[in-house]
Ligand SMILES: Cc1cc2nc3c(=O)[nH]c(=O)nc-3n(C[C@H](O)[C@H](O)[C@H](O)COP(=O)(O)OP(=O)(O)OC[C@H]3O[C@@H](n4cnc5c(N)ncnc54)[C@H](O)[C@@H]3O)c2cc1C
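Below you will find one chain, with nothing else, as structure tokens; this is the form predicted alone, and questions on how it binds or moves follow later.
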């Protein structure tokens, strides 16, 4: 399969420039494949390099339905981990909140997919689209916004290119250069924690359970992957996270056995341990005339509950829907009045999830007795009072709140 659709023109014009060819940016391009809009994706790395990351992510039911609506889920599905159960627990406290497929009457409660599986499928999906082209590896040096268009200055193979476009999309991650060039400010904070992310192989007979185990040092997410493997994201204070990364493998697996409570049987480390700091961030605005931010360029949250990438996928599906509707009605897709519809839809929904993940981390990452008593009462309530349990489950699976039409297409 050839993905080399990179283009080199001196004077380029298009409807939209997407800066960032990761999962969120490429999801947006895929959702717009049949829109008739001419799109250029600028990616800093060659396509194969962009897709080569080994990180795995939780994919909510809503994200899977969005990909069904786009038309690529059947290609992704055979290669993902699938979980039918979710277990929430507070350290060694015996009260465990159990969610099962019968609660939602679905086949699964969620999925776990590796970065390369999803991004390669997205790249292949738009590879034959005549209206979508790549500039990569490409580096954006500047963007000039004017009333009726924006001009993107990009360096490709040592040469400067100028792209005239109706709309610029910042999908270039938490350190977004596009956001900085637009002087869009952010609010939030860095946590006292970092995450240690890695993959293990285990001997447990069952591999269809996702665990969220809360400890006073921070939450631990355990997500099933194919082949009796699990992706683990283990939150700890910065210094302890670094120490866990440096521990020899035997000592590290002994620690891991304790913190997983022996639920996974014998453990084998099958990847490097990657450490990354955690932050909460929300942009003051997601849009301005000729510009929209999506994914981590617009917001970041604590990884507890595996919500981060799913928010970005919803951003992309929502923005695609609104741009298609505006284009079909003859509206200017870069006009602030059009882009505000996206911000009004997504900003508050994202803020609710950011607040929820922040609350979970702070509420469970301490040993103060009054808080311990309250949170364990909360677990009992969630386990035994059905409306509370359903509210939490729908929030985790993305089924709470307004969904983009692509997800409705999957269910029709």
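In this text, all values refer to a predicted model and were calculated from it rather than measured experimentally. Residue numbers count along the first chain shown, from 1.
What follows is about the form predicted in complex with the named molecule, which we do not show.
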(request) Can you check 67-75, 248-256, 293-301, 89-97 and let me know which stretch has heavy atoms within 4.5 Å of the named molecule in the predicted complex? (result) 293-301
(message) Within 4.5 Å, heavy atoms only, which of 62, 31, 40, 58 is in contact with the named molecule in the predicted complex?
(response) 58
(message) Just to confirm, with a 4.5 Å cut-off on non-hydrogen atoms, which of 322, 309, 210, 230 contacts the named molecule in the predicted complex?
(response) 309
(message) For a quick test of understanding: in the predicted complex, does each of 220, 380 and 389 have a heavy atom within 4.5 Å of the named molecule?
(response) no
(request) Examine residue 353 and determine whether its closest non-hydrogen atom to the named molecule in the predicted complex is within 4.5 angstroms. (result) no
(message) When the contact criterion is heavy atoms within 4.5 Å, does residue 171 count as touching the named molecule in the predicted complex?
(response) yes
(message) Given that the named molecule is not shown alongside this chain, does residue 44 nevertheless sit within 4.5 Å of it in the predicted complex, heavy atom to heavy atom?
(response) yes
(message) With a cut-off of 4.5 Å between heavy atoms, is residue 195 one of the residues that contacts the named molecule in the predicted complex?
(response) yes
(message) Within 4.5 Å of the named molecule in the predicted complex, counting any non-hydrogen atom, which residues from 352-382 show up?
(response) none
